[in-house]
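The data below hold one chain only, encoded as structure tokens and taken in the form predicted on its own.
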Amino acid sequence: MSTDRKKAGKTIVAVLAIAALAAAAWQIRPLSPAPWTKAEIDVLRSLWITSLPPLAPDPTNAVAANPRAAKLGQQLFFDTRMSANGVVSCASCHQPQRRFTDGLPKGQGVASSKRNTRSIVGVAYSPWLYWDGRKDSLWSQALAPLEDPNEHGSDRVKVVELVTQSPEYREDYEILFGVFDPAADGAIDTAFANVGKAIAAFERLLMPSPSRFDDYVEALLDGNEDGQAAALSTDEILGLQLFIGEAGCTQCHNGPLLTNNEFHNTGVISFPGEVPDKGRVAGVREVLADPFNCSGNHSDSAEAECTELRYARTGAELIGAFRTPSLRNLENTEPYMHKGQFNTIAETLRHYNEAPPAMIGHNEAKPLGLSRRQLQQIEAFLGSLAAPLAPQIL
């Protein structure tokens, strides 16, 4: 080999070594965040919890904002007597200490439920409930687990008897809804709907409180550099910049609750041993046929107000699509996705980084091509969204 060729070879080796060192340095040393642009600051303001508007009235539930109904609903939420085995309550799956989730791939009532337990914190802002949106109000959603053979496994007759006849509930029920007359036409169904409306009044009070991310946005808007430094680390800021920029997370995770409450197929694998879940394409059919929906006889709303239901999106593009979850308070709510397919946030981020083909339908997500370090920075930012629940004393 000639001297020149040897020198050229050594040069190539040196360049490759420098490139490897640079890549390694990127993995261990964060870059400095770029200054925020005006457009980016506008996006941050839109994600700020202070931008969350007051919760709108629920026209389908006349007692939605009634404190007495909320207190009754809170008692019912924790009452195991509404289950077939006397052991399961709403709080069995929606555990306050776990941000109203349960830490299981699928909820566990009297048997195993079909999907992962979603948090109900801030869920009153969503027009759709459940992963597939098969319910269109908090109160109609609250009814379904009571008769689900895998959850409470009870029936509406037993539930109504408990709430309308028990000494601890009867007076509140009658003040709110009137005296229960079992001989009246449709009395059981009406009283059963009322039970859901009381539980919903309680659940409407479950709201997130400001996180370190929100402190950062407030300090940024105020020009408070010390406050910004105290709120988020460099890695968290870099992760936030990726979140609203290159990673494109805000296409779905937008608004103060970091969810658009819409339905998307993101190519999540099926639960082991199960066929792919059809998701929203089946859920929308269920909600349109539900006797407890917005336009049903037990809704307190005029049918003209049921715009979400009337204009619900349908079609083949909803095959395998699921409702976007909020990213607030992910801490201690694993596993993630509609059947708990991912045990960690890191696994979830890797899935979106790779964006594999969907098992059914079409994966809307595109591969991101982010580095391991960038994924770690996004995960760091997501951790800054944790905060105690807003206190509610009933």
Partner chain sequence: MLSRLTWFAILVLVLQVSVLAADTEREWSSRRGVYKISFEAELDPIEINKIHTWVLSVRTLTGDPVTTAEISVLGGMPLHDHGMPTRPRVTEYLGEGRYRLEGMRFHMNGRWEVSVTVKADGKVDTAVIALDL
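If you're wondering where the values come from, they're calculated on a predicted model, not measured in any experiment. Residue numbers count along the first chain shown, from 1.
From this point on, the text means the form predicted in complex with its partner chain, which you will not see here.
Its partner chain is not shown here, but in the model of the complex it comes within 4.5 Å of a heavy atom of H264.
D235 falls outside the set of residues with a heavy atom inside 4.5 Å of its partner chain in the model of the complex. In the model of the complex, none of the heavy atoms of N297 sits within 4.5 Å of a heavy atom of its partner chain. The closest heavy atom approach of Q251 to its partner chain in the model of the complex falls within 4.5 Å. Stretch-level contact analysis of 224-232, 253-261, 103-111, 198-206 against its partner chain in the model of the complex, using heavy atoms and a 4.5 Å limit, identifies 253-261. Taking a 4.5 Å heavy atom cutoff to its partner chain in the model of the complex, the contact residue among S166, N85, Q97, T314 is T314.
When its partner chain is considered in the model of the complex, only one residue from E308, D79, E286, D215 comes within 4.5 Å through any heavy atom, namely E308. Interface residues of 356-386, taken as those with a heavy atom within 4.5 Å of its partner chain in the model of the complex (partner not displayed): H362, E364, K366, in sequence order.
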